[in-house]
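As structure tokens, the next two blocks hold two forms of the same chain, structure 1 and structure 2.
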Structure 1
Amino acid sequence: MRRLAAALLLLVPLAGCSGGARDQADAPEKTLHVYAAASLQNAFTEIGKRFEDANDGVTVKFTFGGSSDLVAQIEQGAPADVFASADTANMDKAVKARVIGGVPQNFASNTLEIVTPPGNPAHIESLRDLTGRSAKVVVCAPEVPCGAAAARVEEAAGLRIKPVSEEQSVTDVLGKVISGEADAGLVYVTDVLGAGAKVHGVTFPESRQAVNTYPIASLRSTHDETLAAGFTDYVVGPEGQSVLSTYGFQKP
């Protein structure tokens, strides 16, 4: 009987620990799905981590890509809570498609910069140099914000660039330059800054003719309107703005 009583006493704390573990495992957790322009990847990854730290039990998952592709995915029912575009045109498309739940807020701006491999082997020094027949240039496709900005820059400068390829996101353009598949590309200032020593940047005055404004909004498809709105407010607020500035983004 004494041995049985001792065994029962040992089981009591174990049962208590088991119940506590179940309670902890059953604690509610929330996942926020954010669809964001490819040029935001570095800045938003850090913002996402900070937002998680400030909100217990919240996990932020990102899908980065060309803004036009993201709008198409959202329209087709992708499980997204928030959309951040690299231009107002694609946000307007999302609004017209009635997939936006909140009011879009502008949170950043960006301009184009020429990017080349380290050392600038093709000696690209100006926007005009991208029009030479010998230069292998890559740009974003016209429907992508960085491609639309490139077209505006060309028009303002009275120049015509004939790229060897048109990519669906700015990160694809950057990747081709880094890999040596292209002599130069048109990306954002923030992309050149983020790539560091992997690339060489060439600024050009015509870039001022095509400043992209970035809007963000929660989506109708969100399962947690409060959390989605909280993230957009965080991006627009001082915490998010501080991170964006360190990655080279300007005020909208």
Structure 2
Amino acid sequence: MRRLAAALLLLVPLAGCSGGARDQADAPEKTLHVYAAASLQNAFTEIGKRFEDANDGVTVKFTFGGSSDLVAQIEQGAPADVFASADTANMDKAVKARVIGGVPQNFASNTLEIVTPPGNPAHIESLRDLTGRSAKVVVCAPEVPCGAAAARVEEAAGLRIKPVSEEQSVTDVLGKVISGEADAGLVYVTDVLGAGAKVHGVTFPESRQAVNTYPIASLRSTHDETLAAGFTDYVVGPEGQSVLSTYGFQKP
């Protein structure tokens, strides 16, 4: 499905070719395309609205997805102006692929938290409780950022979690816990906050061993370097930071 979406995205600029130049000449409206990690969806949607309010005639359009998917799409020529990654590894990948225009800036960080269904039916109180055989635990696969963070936490704590499933993304982990299929999962602090009353969060001290840093950068392919830089500065600046903190993100 994602591949199809990517293919369609590639067709979009073709379809827009004829009208593009005229639109720019007639209307002062500008559109900024921001490709951002899925975990930023709520925070960035609000930041985007505020940025639009602060800049007349500017529309911010978001594409949210897994960071590595987004890098792949940008590499294949997706029409993006700004890229915000959920980890430095994927930003490094983008830098290596020479698609980044500016210098990446770290703008937020996130740590893991244990998530359980409301009422915590399996009585999970610590990271150690996840290693027992009785509780069904889901984590992210080590190949994706949240799973890499989980592996670092396990290593730091000297524990080994025996998951019943290694999911593709943090939202999949959250989904399995919300539906009650799993007794516990490891997700980001921001995910627990975002899910509200549908879940119960259990913080654990070892989480500090795996801090995920979020970098943002404007892309080489942008048509409006000033606007792209304006957005990244806004995210790094006080307005962006205050929105991010209300969604549970910590300072980088």
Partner chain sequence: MSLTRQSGVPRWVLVPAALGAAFVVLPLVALATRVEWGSFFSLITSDSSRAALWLSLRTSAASTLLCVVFGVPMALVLARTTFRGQSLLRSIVLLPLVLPPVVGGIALLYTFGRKGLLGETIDVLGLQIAFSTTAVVIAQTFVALPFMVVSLEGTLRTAGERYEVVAATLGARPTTVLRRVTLPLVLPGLAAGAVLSFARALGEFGATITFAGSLEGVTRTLPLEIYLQRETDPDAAVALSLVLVVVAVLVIGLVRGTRSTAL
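Residues are numbered by position in structure 1's sequence, first residue being 1. Every value quoted in this text rests on a predicted model; they were computed, and no experiment measured them. Take the two forms, superpose them, and find the largest set of C-alpha atoms that agree within 1.5 Å; that set is the rigid core.
Student: The form predicted alone: is that structure 1, or is it structure 2?
Tutor: Of the two forms shown, it is structure 1 that corresponds to the form predicted alone, while structure 2 does not.
Student: If the chain moves as two rigid parts between the two structures, put down the smaller part's rotation against the larger in degrees.
Tutor: Rigid-body rotation of the smaller part between the two structures: 14 degrees.
Student: To one decimal place, what C-alpha displacement in Å is found for S126 between the two structures with the rigid core superposed?
Tutor: Residue shift at the C-alpha: 4.0 Å.
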